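We begin with a single chain expressed as structure tokens, specifically the form predicted on its own.
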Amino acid sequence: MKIGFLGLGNMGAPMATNLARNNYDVRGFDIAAPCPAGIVPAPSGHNAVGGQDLVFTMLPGGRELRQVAEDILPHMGTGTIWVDCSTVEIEAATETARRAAKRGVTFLDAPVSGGITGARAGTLTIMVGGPAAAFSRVRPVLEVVGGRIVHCGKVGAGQSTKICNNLILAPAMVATCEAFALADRLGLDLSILFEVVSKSSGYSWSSNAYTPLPGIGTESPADHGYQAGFAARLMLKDLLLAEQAAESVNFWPEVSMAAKEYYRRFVEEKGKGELDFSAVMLELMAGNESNGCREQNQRPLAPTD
């Protein structure tokens, strides 16, 4: 397949590079980022997609997806498959799919999980929504950039799955950081706590695969100054998308929305959105009393209060 790839930032560039390394003919475009080695640069988005069999996009949000659709759909041939790996509103995905269908283009929403590390290693989890036939056709290509490829259902199901996944991830990370911060104040050896948690009921992906403390557990962004593997601002973005989706079906995920407020403070008030989402550990270990669960200098309410 000849591939067009739009969006060559922190995630898109390594994904496109992996495709080129596996002998795919990849033509790329980004409004700001340079084209990685091995990718044929195109002067515009529509030049990148014209005549290609398969188009990938990795974009910041739904607004950008709609803008790109306006630009590239008139230049995409009938039978082209468009795989959008952005994380966007469910409505943005379904709307773009309808517009694409009118041009004879099949649209798959395929958000990813695994961060920059997973993109570089080609081990991303890719959650795909759209027609099964198109999914089957592009699956061999997706397996170059992902380690786990899941067909989640119709268009929009990929976004829905990503939203639900991060509704688990966000509060799990905050809880993991709070547990280690409390243990530190109680005078525990944090490496011993990790040894217990990692093999008991406190086990989670946040504690074991993405340990938020340097020098303990699996190597993670914490060991590199919390340089973002998955930026806190992106976690906030995903939680806001989840809030929007929940409201659309009259459901309120209370614990996850408490985590959303935690990340809102961390990103908007603390100005630390470019750090990894596990960097909330820094605030807690510094003894900052103003966090997502209590007001400054005020103890949390006991269950009997």
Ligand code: NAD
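What you see is a predicted model, and the numbers here were worked out from it, not measured in a lab. Heads up, when I say rigid core I mean the largest set of C-alphas that superpose within 1.5 Å between the two forms. One rule holds for the numbers: they count along the sequence shown, beginning at 1.
Absent from the display: the form predicted together with ligand NAD. The rest refers to it.
Screening 35 to 43, 261 to 269, 242 to 250, 57 to 65 for residues having heavy atoms within 4.5 Å of ligand NAD in the predicted bound form returns a single hit, 57 to 65. Screening 167, 73, 141, 112 for any heavy atom within 4.5 Å of ligand NAD in the predicted bound form leaves a single hit, 112. The single contact residue among 157, 234, 163, 193, judged by any heavy atom lying within 4.5 Å of ligand NAD in the predicted bound form, is 234. Using a 4.5 angstroms threshold between heavy atoms, residue 229 counts as touching ligand NAD in the predicted bound form. In the predicted bound form, ligand NAD sits within 4.5 Å of a heavy atom belonging to residue 10. Ligand NAD in the predicted bound form is approached by residue 87, whose closest heavy atom lies within 4.5 angstroms of it. Residue contact with ligand NAD in the predicted bound form: residue 92 places no heavy atom within 4.5 Å of it. With the core held fixed between the shown form and the other one, residue 273 has its Cα displaced by under 2 Å. After superposing the rigid core, the C-alpha of residue 33 moves by 2 Å or more between the shown form and the other one. Core-superposed comparison between the shown form and the other one: the C-alpha position of residue 42 differs by no less than 2 Å.
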